[in-house]
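Okay, here we've got a single chain as structure tokens, the form predicted on its own, with questions on binding and movement later.
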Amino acid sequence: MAGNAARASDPDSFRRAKALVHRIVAERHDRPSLVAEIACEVGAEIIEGVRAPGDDLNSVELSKRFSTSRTPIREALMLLEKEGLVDVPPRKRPRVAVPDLQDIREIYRARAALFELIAADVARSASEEGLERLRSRFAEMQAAHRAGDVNAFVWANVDFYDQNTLLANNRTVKRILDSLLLRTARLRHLSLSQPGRMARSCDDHARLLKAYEDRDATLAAALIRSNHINALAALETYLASVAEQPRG
């Protein structure tokens, strides 16, 4: 697909995807460095669309690529399976996970509910320095929107929400959201690529920042939930349009 090729050719975006997988997968599990390296590389390829949903993950080919036996490959793929990026069915070749629409809805609604808690805490207790960090991330989103750079916008958006979880200082919720983040990272590009979505997202986040500055916890929680529901709606529209396309 042309879109996948464009994403794969963005080295900075791929670097960010690899760093994200390393932070959430490699650092969480005690595995040899080679296993972590394989998981990070393959995970980034999945997030960046280099490997499409349903693609086979041939352990023989991967073992040749990484100059290793098949055991580290299997361990790396099992790590990615735990995070929802890979399916490893019994007696069948592993493949890139194919989340169905119901899975996607559940993930986005779960994120929406958890971020309601986060947003309320940020509005109540974030320091001015913390709010300034959010403003900085939002400024990066605006700059990416002006440049028409969807990849940069996606990663600025990831940073914005990660900063929210850090400011709320809720480690339990952060661990859950980090895991869900990997399951949505490859979907965000599809959602934010839809016409008008980056502009709408900027408007939504400007309102959220204003609620934080006003220390309005109730409004901030409602807005951040709305942001996630809007993103889900855009994704549902895109997936419906793809399903309607004739198959060649």
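Just so we're clear, the structure is a prediction, and the values are computed from it rather than from any experiment. Don't overthink the numbering: it's just position in the shown sequence, from 1. The term rigid core refers to the maximal set of C-alpha atoms that superpose within 1.5 Å between the two forms.
What comes next is about the form predicted in complex with the DNA, which does not appear here.
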Contact label in the model of the complex: residue 169 to the DNA, heavy atom within 4.5 Å: no
Does the DNA come within 4.5 Å of any heavy atom of residue 93 in the model of the complex? yes
Contact of residue 99 with the DNA in the model of the complex (heavy atom, 4.5 Å): no
I'd like to check something about residue 130: if you look in the model of the complex, is any of its heavy atoms closer than or equal to 4.5 Å to a heavy atom of the DNA? no
Going by heavy atom distances of 4.5 angstroms or less, which of 174, 137, 145, 74 would be at the interface with the DNA in the model of the complex? 74
Using heavy atoms only and a 4.5 Å cut-off, determine which of 193, 59, 201, 184 is in contact with the DNA in the model of the complex. 59
Which one, 185-193, 46-54, 59-67, 202-210, holds residues whose non-hydrogen atoms are within 4.5 Å of the DNA in the model of the complex? 59-67
Comparing between this form and the one not shown on the rigid core, is the C-alpha shift at residue 64 2 Å or larger? yes
CA of residue 93, rigid core aligned, shift of 2 Å or more between this form and the one not shown: yes
Core-superposed C-alpha of residue 213 shifting 2 Å or more between this form and the one not shown: no
